[in-house]
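The data below hold one chain only, encoded as structure tokens and taken in the form predicted on its own.
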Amino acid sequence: MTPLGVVRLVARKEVRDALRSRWFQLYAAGFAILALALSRLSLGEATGGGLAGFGRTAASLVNLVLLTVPLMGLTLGAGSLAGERERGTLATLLAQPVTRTEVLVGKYLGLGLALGAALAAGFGLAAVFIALGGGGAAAGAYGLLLGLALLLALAMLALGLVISAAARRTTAATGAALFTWLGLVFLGDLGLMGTALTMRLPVATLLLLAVLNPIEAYRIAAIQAITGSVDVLGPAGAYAARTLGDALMPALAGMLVLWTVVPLSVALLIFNRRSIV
């Protein structure tokens, strides 16, 4: 079998396993239900339709993505290799005429497809209510939000695979994934604010530290997609708009891609060098 065929076969297996996983089903259903509920609530409370209704609903979806999507990607990735290693199925898989690189890439692609399907379902349900509320004129911005959410999910999945490649037990991998999620979601923003106030950082340094966090990079890009500007972020937003201009969105998307490529390369390095057991 060709390397591409092996990758495709492993990816199909991962998609099937993810769809049968109770945890993934819970994540996907929870995200879809929350997206639907937030859309109905936001459109119901909006004083006007059209772009006003879209903006309110999209802002709610962004906050949902910031909390749930990194958790989904990290925990799914962290449990992938560690879970199979603990059950002994990884040794069986690698005893076949396949390489570790093919296995890891196949797992990443399969889990990425499963995550993409979960995001598409949640955003799709929300899109129905946005369209009913007269927000169809902002379909392009909504599609951009979905694309950014997928980039964030893929970045967090790659980071989860780093944890999974290094961990020997599922519990240790899951614990490390949860700790990483807490650090990125909660301590990143609050810690950055505290550091900026204490050390009186220049605006350029503050912006750089913000976009180095993939979740913050997603948040800034999402604000840009919804409002067309990042002035609501204060001096850092004004500095970003002034220095980068139209290149701001590609730069933020590129940061999310970088957060995918680098951790995935590290995961490959660790997985290829460590023993199976």
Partner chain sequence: MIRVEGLSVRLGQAQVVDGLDFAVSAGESLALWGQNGAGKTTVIRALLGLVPFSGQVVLAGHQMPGEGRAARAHVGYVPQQLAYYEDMSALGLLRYLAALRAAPHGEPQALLAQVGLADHSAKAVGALSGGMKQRLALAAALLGDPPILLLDEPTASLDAGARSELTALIAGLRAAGKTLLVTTHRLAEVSALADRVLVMEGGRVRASCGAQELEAVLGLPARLHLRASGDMNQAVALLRAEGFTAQVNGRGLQVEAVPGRRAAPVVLLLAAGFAVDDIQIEEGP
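Positions refer to the first chain, counted from 1. Quick caveat, the model's predicted, so the values are computed rather than measured.
Beyond what is shown, the protein has a form predicted in complex with the partner chain; the following relates to that form.
- Heavy atoms within 4.5 Å of the partner chain in the model of the complex belong, among the stretches 154-162, 71-79, 171-179, 96-104, to residues of 96-104.
- Heavy atoms of Arg22 never reach within 4.5 Å of the partner chain in the model of the complex, leaving it off the interface.
- The closest non-hydrogen atom of Val261 lies beyond 4.5 Å of the partner chain in the model of the complex.
- In the model of the complex, no heavy atom of Leu268 sits within 4.5 Å of the partner chain.
- Residue contact with the partner chain in the model of the complex: Met255 places no heavy atom within 4.5 Å of it.
- In the model of the complex, not one residue of 155-173 has a heavy atom within 4.5 Å of the partner chain.
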